[in-house]
Ligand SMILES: NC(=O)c1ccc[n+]([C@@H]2O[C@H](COP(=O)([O-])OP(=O)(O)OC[C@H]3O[C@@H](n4cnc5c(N)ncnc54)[C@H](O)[C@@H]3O)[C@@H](O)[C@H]2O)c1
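Only one chain is given next, in structure tokens, and it is the form predicted on its own.
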Amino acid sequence: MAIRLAIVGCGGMGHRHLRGLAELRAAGISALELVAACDPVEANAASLAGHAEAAFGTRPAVAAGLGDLHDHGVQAIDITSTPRTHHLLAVEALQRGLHVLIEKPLALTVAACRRIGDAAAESPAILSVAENYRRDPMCRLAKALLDSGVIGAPRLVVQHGVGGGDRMAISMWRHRREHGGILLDVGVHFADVLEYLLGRIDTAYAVTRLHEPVRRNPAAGAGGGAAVDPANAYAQWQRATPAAFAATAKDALYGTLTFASGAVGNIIQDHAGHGAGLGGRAVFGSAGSMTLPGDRSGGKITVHYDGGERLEGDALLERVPEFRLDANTAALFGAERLGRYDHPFPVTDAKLLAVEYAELADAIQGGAAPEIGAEQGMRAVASYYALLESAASGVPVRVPDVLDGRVDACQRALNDSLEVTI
């Protein structure tokens, strides 16, 4: 019998997740049935319900809050709201015995993450964090290659991204301090992927900047220009956003990480870069180096050795003969072993969201723990806050000190507004 699901938060991310459900249906993996669209803004919930009806032939109920879901027999919820509400919704759902899939970041601060973790520990329900970067088939292959020793012992990882100028990054809230800001929203992806590939992050040092105090939205108004919307899911909200607005959250970070393994990381996350953009992830080891493609791009991994030798794409599969994607990912991407893939970004995005849904259903039906639960979800938040806390204090910061609340200066105002403490 299908698991009865509600999407909670019906803005752009909720509409993206709906496409993930459609990908599940198309792949013949239909363990979830969408029965409710939940959002305090009725127009958002109605929009998602209308898209669901077009995709599935039945219209889910429209609800304003979790208390309205009981009458619809909801068993699991997918939290796709803005991060400020994550801890409130997740804690309430877990206390009601509802299974939870929750978008990253797990919560806006480490203290709020801990609230969710405590609720999950006391609930029989499943909690799974929807972190899609590590679930990319190319990231899975990179992990297998690193574990096989294809470049020897990892010594350095470089994570660089520069671009964006003064344009709005999808939504206005991503540029506001009270919502955590763009550095946290994007940075938890990187913290999770780097820990997935190289193990636990120990310490962090960084400086941050607010380069662009005014952000511009080219899609504003009915006659606005093209939306900055790679997932094709946010245009209706971008048109309702002002053409220019004050940005209060830092938009650039330049930092250094150390890992428990002894490896070192260099991270540049600059969302205000002008001119030529820069982006990439590479790992340098004792026997070679590995250049990874852009996240969710399907591009080839390339391994370089001294003397100019290089391997890429399908040739790398020969180095990891036991490598297999899990059954759900293989069904969605068309093969158990992939050296690359080629889909438009919205399709890839939907397929990876479908993987998250399929894993949730498997965990509910089979009892296995999801890959990313409260602990790793909180570690991703704490690891990135270690960089932000270092920037605030001017000294290196240990991740364990952020996890236990001994270092929290740049989270205090958020914690006060959220009314949470560790």
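Worth saying up front: this structure is predicted, and the values here are computed from it rather than measured. Heads up: residue numbers just count along the shown sequence, starting at 1.
One more form of this protein exists, namely the form predicted together with the ligand; it is left out here, but the text below deals with it.
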Subject >> 4.5 angstroms heavy atom contact with the ligand in the predicted complex for Gln376 >> reply: no
Original post:
Using 4.5 Å between non-hydrogen atoms, is Thr258 touching the ligand in the predicted complex?
Top reply: no
Original post:
Would Pro83 count as a contact of the ligand in the predicted complex, using a 4.5 angstroms cut-off between non-hydrogen atoms?
Top reply: yes
Subject >> 4.5 Å heavy atom contact, Trp173 and the ligand in the predicted complex >> reply: yes
Original post:
Hey, of 318-326, 85-93, 190-198, 140-148, which bit sits against the ligand in the predicted complex at 4.5 Å between non-hydrogen atoms?
Top reply: 85-93
**OP:** Scan Tyr205, Tyr234, Phe333, Phe284 and let me know which has any heavy atom within 4.5 Å of the ligand in the predicted complex.
**Re:** Tyr234
**OP:** Tell me, out of Cys10, Val399, Leu18, Leu24, which residue has a non-hydrogen atom within 4.5 angstroms of the ligand in the predicted complex.
**Re:** Cys10
Subject >> Contacts with the ligand in the predicted complex - residues in 40-65 whose heavy atoms fall within 4.5 Å >> reply: Pro40, Val41, Asn44
